[in-house]
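A single chain, nothing else alongside it, follows as structure tokens in the form predicted on its own.
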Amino acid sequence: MSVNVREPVDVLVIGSGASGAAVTWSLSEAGFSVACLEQGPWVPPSSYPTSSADWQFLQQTKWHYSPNVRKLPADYPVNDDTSQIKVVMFNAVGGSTIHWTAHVPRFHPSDFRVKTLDGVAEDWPISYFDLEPYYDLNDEMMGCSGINGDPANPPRSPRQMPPIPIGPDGERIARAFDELGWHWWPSDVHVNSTNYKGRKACNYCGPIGQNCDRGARASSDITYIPEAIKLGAKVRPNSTIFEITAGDDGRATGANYYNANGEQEFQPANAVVVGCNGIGTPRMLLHSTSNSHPQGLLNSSGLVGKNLMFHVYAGASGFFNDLDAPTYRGPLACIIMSQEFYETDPSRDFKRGYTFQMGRGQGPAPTATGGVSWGKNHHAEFAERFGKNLGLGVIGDDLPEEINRVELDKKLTDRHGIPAPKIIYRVGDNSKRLLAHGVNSARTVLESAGASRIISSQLNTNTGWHLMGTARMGEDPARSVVNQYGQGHDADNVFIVDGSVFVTGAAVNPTPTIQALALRTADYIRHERSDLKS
């Protein structure tokens, strides 16, 4: 087979999601020649579900969170039959930021020191304060709505916009927290409360996870990527990378991929930056075997794919008969949060903790198909829930365990014959105790808020949004895959910038931390690796 060889670049970035887009912009700004290859397509705003009258059904089919349900050409299958939590992700320019709610709390300083503080997992080789300037830079690029003064977190620079209004339903839940004497705070979100950088303010229509043709909800395809292209970056969608190549010295030389026409091409590069998420990255590394990396790229420790963390989710939902407005109005999940039970408490029977994230109800179709029974009681149950339900999600710190892992499947492949990832994951005992406490606490809040009836779930299984830990950072090459800058221990010109490098998962959404880490890695390359620039 003839292979088309592209013009060499300084840096090849694999993936255009939260992390890859940030690196592409930063290195382009510094004068590096950058090619960013993305497995998925460009997604025009006209194709967003919310631009269609049947958007509520599109979110159950080709806009479903799971690639195993969507089965679009850009998706690869995931064997999660042996996982208690199902994997969700999205492949497109912008990655999974195309399909997220943009809730962006930061890690706590304690999250980087859980071994020292709590005797579990491992400490990170960096601190919160190493990341703080990059958190700030990322907020500037994405646009953050929020307010200072949260007592649960360190002081920080002002947000770019005031917080999204929490609405009468948010005020009701906030009063319940106040009555209990428990912490709450308006959520930090990458959703515009005012016009920002040419993007319109949110109109509070509700289905924010299905994207926004106003540009009110940030995603990396409308923030970092356009700026990177202006600076000269080459972004190639519909490019399915199947192998990072390496020379006899172990250093990367580029990557082989299939272009949009299914033709094989080779992109030479002085360095390779991988941002394919905590499932796609170990899949890529394990499939990239060579004489210098017989067990897979960067895998001399045997830890590539190990220590998979998802975040464990549970929660409770309350039904209210006396609300001032229906609960499907306003952003779905960017309302208030509580970190009352975030840090380790010796009086509790689990380590670390969890965050409450308030959620609203959804439209009629998701309500009718999302737990309402079919049969003679269907209409009564629908009437009880629709526009009347408010929830508290419990997002728990999912401590790393080597038995939770990503492997290459021996039979299942994608359309090009590339092995699919196989997920082996079970919820640990600490997580089970943590979630049980969280559900009981959520019920307490909803009771205080005056719910007429409360239902709860001890474990939500279709919640594998946060893919972390499978190529973790550390100082010891025998116990980690990359160093504190995301640079491979086994190859100094390979960098990983997605959630794979997480040492622990904390109890908050990981995207702003992923982006901060990516910007820090890019800054290291800019200032310390001039040898990579042609």
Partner chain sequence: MKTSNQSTQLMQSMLDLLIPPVENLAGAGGLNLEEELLRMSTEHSKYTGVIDRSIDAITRLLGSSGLNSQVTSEVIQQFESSDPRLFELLLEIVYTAYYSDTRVHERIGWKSGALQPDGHPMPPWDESVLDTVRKREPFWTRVN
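Predicted model, so just to flag it, every value in this text is computed and none were measured. Numbering follows the first chain given and starts at 1.
The form predicted together with its partner chain is left out here; the points below concern that form.
Inset, instruction - Tell me, yes or no, whether R360 is in contact with its partner chain in the predicted complex, where a contact means a heavy atom of each within 4.5 Å. - result: Contact check for R360: yes, within 4.5 Å of its partner chain in the predicted complex.
Inset, instruction - Please run the contact check for S373 against its partner chain in the predicted complex: heavy atoms, 4.5 angstroms, yes or no? - result: S373: yes, in contact with its partner chain in the predicted complex.
Inset, instruction - Flag P421 as yes or no: does it have a non-hydrogen atom within 4.5 angstroms of any non-hydrogen atom of its partner chain in the predicted complex? - result: It does not: once its partner chain is placed as it appears in the predicted complex, P421 has no heavy atom within 4.5 Å of it.
Inset, instruction - Please run the contact check for N440 against its partner chain in the predicted complex: heavy atoms, 4.5 angstroms, yes or no? - result: Contact with its partner chain, no.
Legend entry - Interface residue in the predicted complex among H183, R453, R426, R251, criterion: non-hydrogen atom within 4.5 angstroms of its partner chain: The option sitting close enough to the partner is H183.
Inset, instruction - Could you tell me which one of S301, N79, Q339, T101 places a heavy atom within 4.5 Å of its partner chain in the predicted complex? - result: Checking each option against its partner chain in the predicted complex, the one that comes within 4.5 Å is Q339.
Inset, instruction - Have a look at 500-508, 44-52, 24-32, 483-491 and name the one stretch with heavy atoms inside 4.5 Å of its partner chain in the predicted complex. - result: Among the candidates, contact is made by 44-52.
Inset, instruction - For the three residues I147, G167 and T369, verify that every one has a non-hydrogen atom within 4.5 Å of its partner chain in the predicted complex; reply yes or no. - result: The answer is yes: all three residues contact the partner (heavy atom, 4.5 Å cut-off).
Inset, instruction - Note that its partner chain is not shown here; using its position in the predicted complex, name the residues of 376-401 with a heavy atom within 4.5 Å of it, in sequence order. - result: Those in contact are K376, H378, H379, F382, F386.
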